[in-house]
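First comes one chain, alone, set out as structure tokens in the form predicted on its own.
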């Protein structure tokens, strides 16, 4: 439907029952007679919407619920409660019209036939998705150019490097020109050069086809290069949904000041300006309260022999870590409060 929101999630929940067994032979016998189960809330009351053409970073530690959410949105899992709508379809119904418009790429899974060249898988996918021959040739030519695939098309998949296989995996997943992409760790295990090429390709695909993309990655460089907006999830709960830069301003109370001096300087003298986190030779790094950064920089320039100074936001990795630390403290406080009530 023109003008509709491609991805809409409302109060989404996905719970699992996990078998719990006591250790040893006695535990095994008890489990054989009567099993005990515990509910695991992989996704717990999560809501968000994503507009057409957005690239959104979906962040969280291992076990946070990221992949589970993507699998629900791709129709691989049924939600326990709540609503998930993608392109005005209910994903779990797995309708052909829905599947022709989405794709799920998982960096640790592969769809390529191991003993065949990538071109064979491409042809199979073209038949599965009923891609017209002229469209298939045109799309393959575009993807081959973007990803520099020409030397790889006729080589056995088993003889390709990890980076080469990942490029072919992306091609296989995008031949039908999906409108929605779920990318789960697409650069995992790749070297820095190949990571950069994959990021450039994703950005180009987004610009060319105005595709809507959800990206999960443990490499923050992927997120900062591609995403203006991030959704942060932990223990199945949504912690943050908004602008990436705004998250840094909200969570990180300091900025990083990098200083190069024209002569050697005593580190103790710097402590009056901020927290010295690194001092080596004539270079130093300080953490300075965000609101005081301008005043501190002016005092340093007036009082110290400074050759160069730069003011930066803290690394996004540190910001995300701080988000999770705050969430962990909040859970601990809630647990203590519940124990006191009991």
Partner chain sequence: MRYLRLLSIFYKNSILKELEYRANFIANVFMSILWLGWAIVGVSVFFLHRDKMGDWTYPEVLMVVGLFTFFNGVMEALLRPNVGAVIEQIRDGTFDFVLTKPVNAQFIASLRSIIVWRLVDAVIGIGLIAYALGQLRVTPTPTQIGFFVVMLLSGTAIVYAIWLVMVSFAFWFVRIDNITELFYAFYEAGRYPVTIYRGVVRVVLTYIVPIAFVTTFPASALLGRIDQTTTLVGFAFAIGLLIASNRFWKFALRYYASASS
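A quick note: this is a predicted structure, and the numbers were derived from the prediction, not measured. Residue numbers count along the first chain shown, from 1.
Another form, the form predicted in complex with its partner chain, is not on view; read the next lines as being about it.
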So in the predicted complex, does any heavy atom of residue 255 sit within 4.5 Å of its partner chain?
no
Can you work out whether residue 144 and its partner chain are in contact in the predicted complex, taking contact to mean some heavy atom pair no more than 4.5 Å apart?
no
Test of understanding: in the predicted complex, would residue 94 fall inside 4.5 Å of its partner chain by heavy atoms?
yes
Please check if residue 127 has a heavy atom lying within 4.5 Å of any heavy atom of its partner chain in the predicted complex.
yes
Can we say 155, 167 and 190 each have a non-hydrogen atom within 4.5 Å of its partner chain in the predicted complex?
no
With the partner omitted here, the residue among 203, 194, 251, 123 that in the predicted complex has a heavy atom within 4.5 Å of its partner chain is 123
As a check of understanding, the residue in 160, 99, 265, 239 with any heavy atom within 4.5 Å of its partner chain in the predicted complex should be identified as 99
Based on heavy atom distances of at most 4.5 Å to its partner chain in the predicted complex, which listed stretch, 223 to 231, 105 to 113, 205 to 213, 136 to 144, is the contact stretch?
105 to 113
Any residue of 70 to 87 that, in the predicted complex, places a heavy atom within 4.5 Å of its partner chain
71, 74, 76, 77, 78
